[in-house]
Ligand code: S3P
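Take a look at this single chain in structure tokens; it is the form predicted on its own.
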Amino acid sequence: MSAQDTNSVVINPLEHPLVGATKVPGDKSISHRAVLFSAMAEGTSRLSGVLESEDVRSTIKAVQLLGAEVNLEVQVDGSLSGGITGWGSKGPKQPDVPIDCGNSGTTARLLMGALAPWPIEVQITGDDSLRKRPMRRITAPLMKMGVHFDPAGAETLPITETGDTDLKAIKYDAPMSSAQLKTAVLLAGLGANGVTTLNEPSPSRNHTELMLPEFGVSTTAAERTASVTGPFTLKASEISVPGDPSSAAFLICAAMIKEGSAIQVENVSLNTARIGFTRTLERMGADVSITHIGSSGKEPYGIISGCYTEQLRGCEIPADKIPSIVDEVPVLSLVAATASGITVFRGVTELRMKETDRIDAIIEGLGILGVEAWMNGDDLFVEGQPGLQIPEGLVLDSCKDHRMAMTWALAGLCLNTSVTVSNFDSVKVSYPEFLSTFERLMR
């Protein structure tokens, strides 16, 4: 592993198998919510294990501009811990400048819900990539509640939001399963009069429903529906953020395809909406297991173990399971590239709405590796090659997408020859210490 510059990195094959136990940085989804909910709350919340990354820093900067007092310090393990004093019942202050959410769609979308009940005017923007991502799915239900957006029919950022102190509670049938959409509506519902309910076509991540009760909110949650009753002001809490299973997935998948490897990822979230990748690997015949250790609030955590599996096989992942692996499809596609037969990911068009069009990125990148991958309707197909050997001198572009950067890095780490990953520094969005984790696990 050697860096040429901050944007292009040569990834060399691992000299030894991956062996032993490690931890991954704090869960990104939980970290965003812990920071934002603390900023909304009355009093000072205590947080630990918060992910130190560019995306979470975007949320921290946003709530500071809105009047929250943030005192989080970097710990020995690289995480953030400390206190956040929220704006509580007095509400956020009018910021002097637009709120730049960087590359973080979670920051932008959740913020829209949090700002909905307050009579301030806030412009929300982001980097070039974020300004291309869809926002109408968030603004549409919030407008039904009484929030004003300028321009009203905007599909993308920048958008100026003006809240309403007399929000209407709604019952909303979401056209897609999205934890960000669900959270935005529920947060707005905390400032509305009455019960706000969101129904979705299939289950999405439920971190919001699990965390809001920690801040005193009474939520009603089932598999495809969630409700809150407003108006309600959050109360300060204490949140410990477990490790990010999406980051753990890259280590576990590496162990699957690097001969002789056997690893454990400790203190990682075992939220069932987040560990779908382990079930997908099981379908492929992989040696993978989970061990429950305890819970942080209502979030379960424990150990995910994975060992090299010589004979992986292709499988089919139904569309209703995709929300639980939406961030892991790229790396699972790389594992599928080494398996026998064809792997089919059903109903994956949501991947076109990420930091880049991940479907095109997967198909193009696997093609460079010499692996056939294609779309048929809404479904992604990958034709595996057991014992995959790739030619020397390959350059794979992450398209400034952290998940793609880490996926192509695994190709260099675990296959037969070096690859160059361009725009590799995008890993800072979620896993700044990605490469050093592999160095520690090599023996």
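Quantities reported herein were computed from a predicted structural model and do not represent experimental measurements. For every residue, the number given is its place in the sequence shown, counted from 1.
Here the subject shifts to the form predicted in complex with the named molecule, a form of this protein not shown in this document.
- Residue contact with the named molecule in the predicted bound form: S29 places a heavy atom within 4.5 Å of it.
- Contact annotation: D327 falls within 4.5 Å of the named molecule in the predicted bound form, judged by heavy atom distances.
- Looking at R109, you'd find a heavy atom of it within 4.5 angstroms of the named molecule in the predicted bound form.
- K258 falls outside the set of residues with a heavy atom inside 4.5 Å of the named molecule in the predicted bound form.
- Taken together, the three residues R33, R137 and S178 all lie with some non-hydrogen atom within 4.5 angstroms of the named molecule in the predicted bound form.
- This chain is displayed without the named molecule, yet in the predicted bound form the stretch 170 to 178 from 233 to 241, 364 to 372, 170 to 178, 277 to 285 comes within 4.5 Å of it by heavy atoms.
- Contacts of stretch 192 to 217 with the named molecule in the predicted bound form, defined by any heavy atom lying within 4.5 Å, are made by R205 alone.
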